[in-house]
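Subsequent text provides structure tokens for two forms of one protein chain, presented individually as structure 1 and structure 2.
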Structure 1
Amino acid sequence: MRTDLLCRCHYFAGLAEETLTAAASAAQLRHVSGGEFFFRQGDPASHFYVLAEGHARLSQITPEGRQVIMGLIGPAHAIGIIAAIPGALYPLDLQATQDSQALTWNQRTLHMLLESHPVLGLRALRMVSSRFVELQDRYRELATERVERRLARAILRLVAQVGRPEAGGVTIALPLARQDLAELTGTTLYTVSRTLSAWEDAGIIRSGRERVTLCDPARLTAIAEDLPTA
């Protein structure tokens, strides 16, 4: 089961069976109750994780003391590769939003794997770089883009990450409250509710209790990219 999980994880996908087996054998299983934290912003980056069950929220406290959600993750998502860098600190909180468990490698074990399997080291470098770019893009969005565009991009990102095709659309396969979307896009609950209601009336999405289904990807993409809409 561990090897199957790693095969579904982008960081490990497509690697040789020997490498996957070594990584799976070296992992420990950690359980975290809903509401508890895998790690906190500013803690020493001591472990690398692949979520196995449940869902979790990545968030950051701004200098003004405001919490901003930077991402929502589900099973097979890897997080904390910054643990590969000696002396690094976690730049975000990772909080379980429901009872969850993850495969985890402490820093010493992770370094041994990187030394024994150089392809993992190359992927770790790429992942650290891509996460840095992602954070820069999120900060730029929050600082410069109008709310409707930010919200459209957030929904499209979640659909790409954890979308599940269903009749009439693609549902985001994790609990997603409107308050989560407000914190994910740096706006108010009122603004998110008003925007989602307008999109629902237009047939772009369907929404319910902690549930969002994308019905018209082309129109939401046009909003996200600031393109003319029909």
Structure 2
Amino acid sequence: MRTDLLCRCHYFAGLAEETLTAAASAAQLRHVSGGEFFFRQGDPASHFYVLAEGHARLSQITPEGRQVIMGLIGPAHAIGIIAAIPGALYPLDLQATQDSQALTWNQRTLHMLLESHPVLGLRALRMVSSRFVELQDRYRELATERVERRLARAILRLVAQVGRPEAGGVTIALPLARQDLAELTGTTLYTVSRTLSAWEDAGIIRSGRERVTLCDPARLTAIAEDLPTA
């Protein structure tokens, strides 16, 4: 059942049975309550995690105390491969937003795994590279696109990642405050609220307290991509 989880995780998906069981049996299980931190920005990068249950938020905080959300993490997401690099520090906070459980490997275990299963090294490079490319895209977006479009893309991403189908739409299965969306898209909660209200008037979404339901994906995609509004 641990190997099932690993299979659903990009990092381990499709590897040899033997590799999976080795990884699974070397893992420890860690429980973190909602609001608590898996690790903090600046801590020595001591563990690699694969989230098993719950949700968590990757964020950075500015010297002035403003927060930026770099990502929202759900089950089967791998985080902290930087622990494979001797002496590295975590560059971000990882905070559980609900009670969560994760498989975890410490540095020593991770090194042993990487040595006996070299494919995991290539996988690590592949994972970091693909996150790097995603971040580049978000950077470009932030540098060149309007708030409305960035918000549209963020919601489409979240729906794709943790959408739960429902009568009349797909709901983001995650408590998600306006403030969270603001920190995720580089704007303010006021602007998020106004934009969501406008979309709700237009019938594109329905929303409530810490909840967003996408009703008309096509129109939101049109906003995100600047297609002609049909």
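For numbering, take structure 1's sequence and count from 1. Note that this is a predicted model, so its numbers are computed, not measured. Note that the rigid core is defined as the largest set of C-alphas that superpose within 1.5 Å between two forms.
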**OP:** Look at both copies of the chain and name the one that is the form predicted on its own.
**Re:** 1
**OP:** Look at Ser130 and decide if its Cα position differs by 2 Å or more between the two structures after superposing on the rigid core.
**Re:** yes
Original post:
2 Å or more on the CA of Ala218 between the two structures, with the rigid core superposed, yes or no?
Top reply: yes
Original post:
Cα of Ser59 displaced 2 Å or more between the two structures, core superposed?
Top reply: no
**OP:** For Ala160, give the CA shift between the two structures in Å, the superposition being done on the rigid core.
**Re:** 3.4
